[in-house]
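Just one chain follows, in the form predicted alone, and it is written as structure tokens.
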């Protein structure tokens, strides 16, 4: 398809073709292109290039690094439309959401670039003749693994953090949605980024991770994806004494308190749940609603969900695109069937749309019991699970009962409720009265099985550096 870019590997400042696998359009299952798979030789070349790139980039002045990085984001901003079209073709999200993702990715990189100029050390007061200084230096070559659900902004987090701190990076992006990473890398290439500083590979994920992570030159592993894979990569990194940033799955609770308008909150919730067809690690999923407003909230949510237009993301009239692949359809059907068998009510949706493409409606599951699989396992799709609770205490207890702890949301006008939620909910990110889980300037990450480490904010950049203490006796 002419609107879809040619997919290549990027190693040592050069683009390279290779045999690979087809990339499918989730809207109609047509083939968009072939994503190349890196050979062992390609990975060795990427490692060698990244080592040389690090030597140069780590010694480049932060102001000069920021200049090149910001030039790359300026180029991306000028290519928003072509990047958005490619993203929607391969991932399915509505074209308006693709445009916003590219802008968000640029904002993340731009914030990191500026913050990279402020990676300060410090001087520790000591006795005369002794100088204790603390340096923060780039950690080295980074092995980064990004998922399919946000083809551009997820790689942007990793590339922005690594390059702004002075590191080089080997990015292994998703084989299902590779165009976003290719276009991101092309912008940095066109901005004049030195060869070897940024490298892009694709291939069988387990083969690449199990080869790259143990390599001595790789000093940091960063991964966004599922809990099981994250645990495996964490253990692999730990076996080789490599620090890691793990941004893993979530199962976000939403606390709907009885001091707010249930109808308007339900409308906001439906929009938040439909974003990227619910294929978001911070997607609002478990809605805990008190008796007093339960019926109003559920009815309004179901009405909004039933009216939502689902279809080709290229059609601006559609509010939700297809799921990314057949696996997600099968998962939604399994979760819905299990919930129904345990007595839950399907208030909206629940059945696949058509038989070509991976379309599934925004589905509202009411009165869902705690033992339903969807309440214990991350659905990662357009399922809104509504539970009746007697109190905020009960809602918090239920929310904390799962092993996930990435994001949570709450709607309340009570300062007391807000304080209780902030102190008691076990998550890395809590948003009150809105559905934005993170911003470029804020730290993002999880607790419990949702991972460790942070991306974004000053905290995120720190993970790409090492701390060195220098004690100098001058007398």
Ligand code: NAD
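These numbers were taken from a predicted model, which means no experiment stands behind them. Numbering follows the first chain given and starts at 1.
The discussion below concerns the form predicted in complex with nicotinamide-adenine-dinucleotide (NAD), not included here.
nicotinamide-adenine-dinucleotide (NAD) in the predicted complex comes within 4.5 Å of a heavy atom belonging to residue 209. Mapping the unseen interface onto this chain, residue 322 falls outside it, with no heavy atom inside 4.5 Å of nicotinamide-adenine-dinucleotide (NAD) in the predicted complex. Using a 4.5 angstroms limit between non-hydrogen atoms, residue 269 is distant from nicotinamide-adenine-dinucleotide (NAD) in the predicted complex.
Within 4.5 Å of some heavy atom of nicotinamide-adenine-dinucleotide (NAD) in the predicted complex lies at least one heavy atom of residue 148. A heavy atom within 4.5 Å of nicotinamide-adenine-dinucleotide (NAD) in the predicted complex is found for exactly one of 185, 281, 106, 254: 281. Just one of 110, 175, 367, 338 comes within 4.5 Å of nicotinamide-adenine-dinucleotide (NAD) in the predicted complex, counting any heavy atom, and that one is 175. Per the 4.5 Å heavy atom criterion, nicotinamide-adenine-dinucleotide (NAD) in the predicted complex is contacted by stretch 377-385, the sole one of 377-385, 257-265, 349-357, 135-143. In the predicted complex, the residues of 216-245 lying within 4.5 Å of nicotinamide-adenine-dinucleotide (NAD) by at least one heavy atom are, in order, 223, 224, 225, 226, 229, 232, 233.
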